[in-house]
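In the structure tokens that follow, the same protein chain appears in two forms, which are kept apart as structure 1 and structure 2.
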Structure 1
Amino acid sequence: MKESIKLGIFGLGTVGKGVVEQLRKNGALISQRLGKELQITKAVTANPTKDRGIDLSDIQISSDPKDILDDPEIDIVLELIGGVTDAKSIVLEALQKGKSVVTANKALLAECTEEIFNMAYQSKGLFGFEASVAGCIPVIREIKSSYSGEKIEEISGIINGTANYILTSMIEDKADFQVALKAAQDKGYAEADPAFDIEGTDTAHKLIILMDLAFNGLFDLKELYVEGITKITPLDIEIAEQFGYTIKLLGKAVNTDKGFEGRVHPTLVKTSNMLASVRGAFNAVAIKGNFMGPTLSYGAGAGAYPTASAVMGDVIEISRNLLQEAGQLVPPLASMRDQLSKKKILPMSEVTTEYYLRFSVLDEVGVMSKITTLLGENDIGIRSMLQKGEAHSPKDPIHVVIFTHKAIEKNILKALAKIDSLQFVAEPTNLIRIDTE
């Protein structure tokens, strides 16, 4: 039996340093629980001589991936560099050589799903990716193990802390989008180029991983509908609050009679829904199963220490299996490989939900009649209506807000195309979907 488990780590950035620090601080406790010592013996990084602000004197650091990949003493490879191209090569080669791998790389898993998981199933090594979704919330482990007897019907997740921080600032500080974004950047919650977070891409990567796990399939990221939060205004937030809603960027997946929905977009969530109370950079994932009903998991979704904690959880679980020579007790995507198949995501045009529609129109006679007629002609029922603002001159637009009953998206888009072409419409209609749970 092994006397210790040796780790090789790719990347000594935010998460990589966090893993080193956790092992430094909690190493004795981890050894007690594992029964053996965990050691980070080697690290590979683009700049081996850079001062990381922590003691790395007992770790051999280089820029050559082969120093880890070709070392037979390395039991577990930690891929923490991010990106896709280099990370993909590292993960595939490590698994091919029979090494176990732990990654936090949601982009890699979402964009190269079939290739990565095919190798994970074939490899003699074990594969952990808990840290790829929702930081320290153990949602992947929950789906793979705790909910393995459930038919999962729905997933709704606030799984990007940057977007949630911005929306929280807009709600609580009454700030517009750009001011809230700047505040997030100043506090380190948003990158200098925040597109990945605010356009919904990061949430989409994480949602695809959850769908693969929850629905026993391999889903195509390109089929996922993705919309960010850049069009949300303080006015939308104010009106939403007036009607008992909070706006959140949700990743939502639903197992319907028509097929699998998968979508990322701003959503009006009822204030009575616990997701509405998730503030700041925190994450939460709501999962509903056919026997267990609804559940909610909440916690820090990003950052050095929460992500490092998720990485370490995988490392310890894999180490236990290696020490017992038990192999991968739970398959990488919860199902046996021959039970996984490529599955389609329903086109967004086929989704049925309720809608918030904010029209910017000139205050003319007959405007409301024309809008409601076009909605009615496309089988869209009106639940409530509100006029916001006053026109001080004939050229000043006013805002008309309509909350619809459930309607199919293609009918909504067809109606809006006609409405937005009318002369009295000052700017394109702002559409936000409503969570009906």
Structure 2
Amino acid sequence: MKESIKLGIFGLGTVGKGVVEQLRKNGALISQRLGKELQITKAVTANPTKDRGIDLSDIQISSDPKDILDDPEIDIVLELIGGVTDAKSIVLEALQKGKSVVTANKALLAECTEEIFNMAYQSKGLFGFEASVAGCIPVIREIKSSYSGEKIEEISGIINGTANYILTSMIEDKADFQVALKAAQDKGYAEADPAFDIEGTDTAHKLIILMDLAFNGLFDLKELYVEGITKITPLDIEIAEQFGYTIKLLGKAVNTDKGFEGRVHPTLVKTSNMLASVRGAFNAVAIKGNFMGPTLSYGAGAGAYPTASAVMGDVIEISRNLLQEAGQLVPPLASMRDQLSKKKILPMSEVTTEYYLRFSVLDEVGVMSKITTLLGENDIGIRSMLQKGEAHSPKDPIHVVIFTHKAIEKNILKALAKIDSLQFVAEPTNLIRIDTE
């Protein structure tokens, strides 16, 4: 039996450093649980001589991937560089050589799903990616193991810490969007390109991974509907609060009679819903199964230590398997490879939900009746409405806000196209979908 498990790390950024620190601090505890020692023997990084503010003296650091990939002593490769191109070659080559791999790279898994998982299914190495979704929350393990007897009906997740941090700061501290984003970047939550966080891309990457696992499928990222949080204004936040809602960036997947819904967008969530209390960079994932009913898992979704902890959990689980020579007990994507088929996502136009519509209009006679007539003609029922603001000159727009009953999205878009072309409309209507839970 092996005397120790040797790790090679690609990337000594936020997460890579977190993993080194966790092993330094909890190494003795981990050895007691594993029965053997975990050792990081090598690291590969673009800038090997950079001072990273932690003791790395016992790790051989270089910039040549071969130093890890060609080292027969290394059992587990940790891919923590992010990005897709280089990360893909590292993961594929390591698995192909029969090494085990742990990655936190959601973009890689969502964009190159088939290539990566085909190799993971074939490889003698084991594959862990718990850190790729929702930081330290073990949601991948839940779906792959605990819920493997369930037909999963619905997933609703706050799975981007940066976006949730920004929305929380805007709601609770009346913070400016850009100031809140800068604070999230300073805390190490944001992606290298923060557009991924605020435009919903990172949430989309994570949602696709959860959908593949939950629905025995290979879904196409390009079919997901993705909208970020950049159009949310303090006025929308204020009106939402007045009507008993908060605004969250949700990733939602539903197994409906019509097909699989998959969508990422800002959402009005009732303040009584537990997801509404998820603040700052925390994440939460609500999953409904046909036998277990609803569940909710909560924890830190971003940041060095929570993400490192998820990586370490995978490293220890894989080490146990390697020490027992147990092989891959749970299939990488939860189902047997020959049972995984390509699955389609319903077009957004077919989704039915409730809507918040904020019209910016001139304060003229007949405006309200024209809007409500066009909504009615498109089968859209009104649940409540509000007029907000006061025009000090005929050119000053005011706001009319309508909360609808459930309606199909294609009807909403048809009605808005007509309304937005009317001469009294000052700005395009702001539409936010409402979570009906």
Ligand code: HSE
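Each residue is numbered by where it sits in the sequence of structure 1, with counting from 1. Here the structure is a predicted model, which means the values were calculated and not measured. The term rigid core refers to the most C-alpha atoms you can superpose between the two forms while keeping them within 1.5 Å.
- Of the two forms shown, structure 1 is the one predicted alone, while structure 2 is not.
- Put the two forms on the same core and the Cα of T353 is off by less than 2 Å between the two structures.
- Comparing the forms between the two structures on their rigid core, the Cα displacement of A183 reaches 2 Å or more.
- Core-superposed comparison between the two structures: the CA of E325 stays below a 2 Å shift.
- Core fit done between the two structures; CA of A192 shifted by 8.0 Å.
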